[in-house]
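Look below for two forms of one protein chain, each set out as structure tokens: first structure 1, then structure 2.
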Structure 1
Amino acid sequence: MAAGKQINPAVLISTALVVLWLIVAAFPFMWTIWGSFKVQADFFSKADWTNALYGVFTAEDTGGPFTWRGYFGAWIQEEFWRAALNSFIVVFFTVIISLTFGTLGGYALARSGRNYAFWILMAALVFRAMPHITLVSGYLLPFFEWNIWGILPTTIIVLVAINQPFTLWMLHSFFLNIPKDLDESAMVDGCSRFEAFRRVIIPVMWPGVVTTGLFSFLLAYNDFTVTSLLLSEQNETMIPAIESFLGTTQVEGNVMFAVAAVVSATVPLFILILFFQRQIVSGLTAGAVKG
């Protein structure tokens, strides 16, 4: 009788560590989703944490173990939908503008072969490494003087300025991995430089564009420093709006509104990543392998 297949201890340990990491990483969000359908007395119960599981106080207040009160309060009562719409506008234009300039600039620098390309990339890297608060503070005075503080377009401009070095570096690395022979063959066939770029290069590196666009999306979507400093209360995006639900030492907030808003803001990220997972993996692989 053949001996049973032995399990490699290293594989077993690594699998256990991955499962443990997934549990630790996923638990806070899953617990937040569950708690978003409870009342505050259950979700933050100090006497018995199982109240958050069974919804004891939720059942007393609403007649059932679950309630939509937090979502109704956030989206309808506090008009969180306005912040969601503002976030969509800011993110959409930030990603489109960043990718447009990043794609053109990354391609030009990758194909230039001049020394100034290196120094431009170094300057972009230094600019990207600076704290956001340092960069934003330089915009505040002129925005106030020109009376353009608090509106979405100026915030989009600043987010593009902060995000552009990252997109430039990332797309530049993708273009370096595409042989110049593709450009030259297209131009031999009668294409101009721009036509070769649009018809030949972009389709080849499309996964890299999607990957860079996703990271640009996350930067603009999750930003707090820029949006909280440059947007008025009427134009605030989701992340500052969630913070305002928590209140201050002078103003009482509603924590369950914030919990429901956190879930509402996070779920689209999971859906987006699941939808583009193949493009993300392809883009990261393309950027990591020289070919």
Structure 2
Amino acid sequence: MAAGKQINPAVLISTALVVLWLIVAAFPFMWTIWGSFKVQADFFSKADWTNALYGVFTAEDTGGPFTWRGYFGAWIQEEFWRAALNSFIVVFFTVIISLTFGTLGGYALARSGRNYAFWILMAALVFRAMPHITLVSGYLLPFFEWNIWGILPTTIIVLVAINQPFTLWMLHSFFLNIPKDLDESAMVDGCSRFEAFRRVIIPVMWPGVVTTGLFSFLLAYNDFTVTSLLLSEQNETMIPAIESFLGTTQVEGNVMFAVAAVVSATVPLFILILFFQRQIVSGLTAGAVKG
């Protein structure tokens, strides 16, 4: 085409927009990761922002342009490893249990053509929209009364429940794409419904389960509302721990502990996106493209 030779202004503008967006999206992360290896006087340098690049005060204080002080302070001095361990336990069990409940329910909803299946899905949509904090304000009083407040299992089961509406929808639409004939022919051959599910469906469902699992992971890992209000201080997970850092460290001038903790909490997400980018994108669009 003749137009290919000239520079098309529309293309130019939209490329510029994309470049601008990518800078806005990535720069805060690069800046904070780089800065987490500096001392506070560099990272929050009012006089000269290039201090944060070269680490002038960091070199003065520690002898090198980079320092692990923030990380040491957060992980060892403030025992952030405890919070990381709690996060791992909460996230691991939340994902496993959500997926178990979700596959069973999603499969049944996809195979039942009855009215009540429709109503369950509608209720799940409404539940999905409930702000989590409104649910949490319903838990606190009963949990105090039954003495199950503050412990990890309570938080895990609550996160599983909050996760269910989304998991159900996602796996429901995934199972709709697996041909009915597959499990029905197994039932003709004499399997019960549950055996057909176990022998025929489970072997082919893993792509959908992995995608859904990623989102269950993100919900449990990123949660602040539930974990900050339902866990006692020694059972805290990473995100509420970062928030309580803010309260204590700002006073003592150890903001860099919080910066290091923030970077530490972001690293697993980086790795997750790096390896599962395709699944995340397909999961985001799964609900949408089917309308």
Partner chain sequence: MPTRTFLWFVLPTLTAMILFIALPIVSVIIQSLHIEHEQVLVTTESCGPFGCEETTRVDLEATEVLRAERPLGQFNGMNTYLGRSHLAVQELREAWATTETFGEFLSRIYNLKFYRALSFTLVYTAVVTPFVLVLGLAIAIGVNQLPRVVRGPSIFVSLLPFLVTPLVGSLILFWMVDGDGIIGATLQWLFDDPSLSLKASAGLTWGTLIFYGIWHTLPFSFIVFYAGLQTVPTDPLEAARIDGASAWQQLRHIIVPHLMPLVAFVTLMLLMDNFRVFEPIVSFSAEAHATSLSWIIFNDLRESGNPLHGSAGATSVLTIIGVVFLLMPVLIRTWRDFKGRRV
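The structure displayed is predicted, hence computed values, not measured ones. Whichever C-alpha set is largest while still superposing within 1.5 Å between the two forms counts as the rigid core. The first residue in the sequence of structure 1 is number 1, and each one after it adds one.
Peer 1: Could you let me know which number goes with the form predicted in complex with the partner chain?
Peer 2: That would be structure 2.
Peer 1: Could you check, with the core superposed, whether the Cα atom of V209 shifts 2 Å or more between structures 1 and 2?
Peer 2: It does not reach a 2 Å shift.
Peer 1: With the core lined up, does the C-alpha of A196 move 2 Å or more between structures 1 and 2?
Peer 2: Yes, because once the rigid core is superposed, the C-alpha of A196 moves 2 Å or more between structures 1 and 2.
Peer 1: Keeping the rigid core fixed, what distance in angstrom separates the two C-alpha positions of A16 between structures 1 and 2?
Peer 2: With the rigid core fitted, the alpha carbon of A16 is displaced 4.3 Å between structures 1 and 2.
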